[in-house]
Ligand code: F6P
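Shown below, as structure tokens, is a lone chain in the form predicted alone; questions about how it binds or moves come after it.
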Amino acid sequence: MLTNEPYYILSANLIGLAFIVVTTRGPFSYERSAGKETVRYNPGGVSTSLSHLMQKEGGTWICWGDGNNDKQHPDEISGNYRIIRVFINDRERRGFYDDYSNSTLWPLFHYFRERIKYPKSAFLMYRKVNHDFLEAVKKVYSPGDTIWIHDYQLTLLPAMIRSEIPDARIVFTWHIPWVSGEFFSSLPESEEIIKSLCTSNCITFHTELYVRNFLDSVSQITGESESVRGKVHSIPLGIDYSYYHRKSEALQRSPFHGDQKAIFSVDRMDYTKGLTSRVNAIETLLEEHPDLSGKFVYYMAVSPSRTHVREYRTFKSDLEMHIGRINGRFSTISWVPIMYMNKKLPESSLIGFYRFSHVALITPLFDGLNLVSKEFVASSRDGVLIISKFAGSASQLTGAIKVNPNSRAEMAQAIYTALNMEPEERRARLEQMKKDVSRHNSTWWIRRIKEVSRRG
């Protein structure tokens, strides 16, 4: 239940909060349309895990108020925790979010050198918005609180907090890839960012590779990394395994029609996801195995993302051109190889696709983790996972077929292998992954974060 009552209504056991969580995206936002207010929930795995933590233990969640009616809810109670929203104007949004976070840092940390932009004015706005988050933290901080900051949009916040609250316990969790030290050092603001992150008591990444790359960056920029080595950890985010497993077990009817085997993927519309390479692999598959005509359908769900950014609109048009070309080339009167859905799927449909798909095709060019792969494993009845070796979760999912997403031939061969895999091998691979995902779930992730933060 959401309220706008003053914070003092909270029970005494929540005074002296354990966690102050700081993210750009909050657990939900308010939207007003046609005179009616609705609540838009953030479905991401990070948001879901943090919501469970906050409901269980209480605390304060500081986030960006990006909903068009969020200004009516600047400070509220959601169940067992408090939400405080930071508001920025359109100019600040462009500089902080569009220009620096998503046009400089996002391509940099995914090795897209040709897409990186270096607008100096954008970094100044990025710094200003980080300072706005600092002011929100200062208003609620009490001695003993742990300030848990998330991701690349808030890299300057640790140093700002350390300057204002010297004894604060700061945990920083990084959710996207961390690149090599040489590549990161090409960023003009790399020294300010790396020194800020190093003021945290504890820094966590999703893979050992990102830990090594971060320490390499520290060494290249500052000359040494030993002083921070002990507080940098690899703790991959988990999902609520039992939730997906339970929901999928309740489904009896497949969403797919016909006798064709179903290949499925779900992604945001983003150039890092390897979408064009993936549909081109379907073309190569049909070129090399014409006998597969009519034997499968690739259901490709791509949710709209950053639709106001010209580069993303251009990327969408290019992807759809490739899909149209391939469907035009190989379709028959009764069969289309690629079923493209440019919309956000409701959770019930998504879990149904997970459960009844024969193959999940998750092949980002780079990805910090990729929770879709874990959600598929938890929900699948008898499916095969094909995953990019450049997805952070690939190192955990030992039963998956791992591919180089830059190789059409390699992906096409992996799809052919998955479609023809013997039932015993399919079950053995899936069972091993189910054990790994259920053991390292979202509860495990939070417990490990709490363990290392106490030592930091």
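As the structure is a computational prediction, the values presented were derived from the model and not from experiment. Just count from 1 along the sequence shown to find any residue number.
We do not show the form predicted in complex with the named molecule, though everything after this point is about it.
Chemist: Is there any non-hydrogen atom of residue 25 lying within 4.5 Å of the named molecule in the predicted complex?
Modeler: The answer is yes: residue 25 has a heavy atom within 4.5 Å of the named molecule.
Chemist: Could you confirm whether residue 349 comes within 4.5 Å of the named molecule in the predicted complex, counting heavy atoms only?
Modeler: Although the named molecule is absent here, residue 349 would stay clear of it in the predicted complex, with no heavy atoms inside 4.5 Å.
Chemist: Using heavy atoms and a 4.5 Å limit, would one call residue 99 a contact residue for the named molecule in the predicted complex?
Modeler: No - in the predicted complex, heavy atoms of residue 99 and the named molecule never come within 4.5 Å of each other.
Chemist: Is there a heavy atom of residue 145 lying 4.5 Å or less from a heavy atom of the named molecule in the predicted complex?
Modeler: No, residue 145 is distant from the partner.
Chemist: So the named molecule isn't shown here. In the predicted complex, which residue out of 289, 138, 306, 344 has a non-hydrogen atom within 4.5 Å of it?
Modeler: Going through each option in turn, the one that passes is 306.
Chemist: Scan 394, 46, 412, 418 and let me know which has any heavy atom within 4.5 Å of the named molecule in the predicted complex.
Modeler: Of the candidates 394, 46, 412, 418, 46 is the one lying within 4.5 Å of the named molecule in the predicted complex.
Chemist: If contact means a heavy atom within 4.5 Å, which one of 197-205, 259-267, 321-329, 100-108 is the stretch that engages the named molecule in the predicted complex?
Modeler: Single hit among the candidates: 100-108.
Chemist: Select from 172-201 the residues with a non-hydrogen atom within 4.5 Å of the named molecule in the predicted complex and write them out in sequence order.
Modeler: Stretch hits, in order: 175, 176.
Chemist: Kindly indicate if, in the predicted complex, the C-alpha atoms of residue 44 and residue 268 are closer or farther apart than in the structure shown, bearing in mind the change is 3 Å or more.
Modeler: Closer together, by at least 3 Å.
Chemist: Might you say whether the CA atoms of residue 302 and residue 43 end up closer or farther apart in the predicted complex than in this form? Their distance differs by 3 Å or more.
Modeler: It is closer: in the predicted complex, the C-alpha atoms of residue 302 and residue 43 lie at least 3 Å nearer than they do here.
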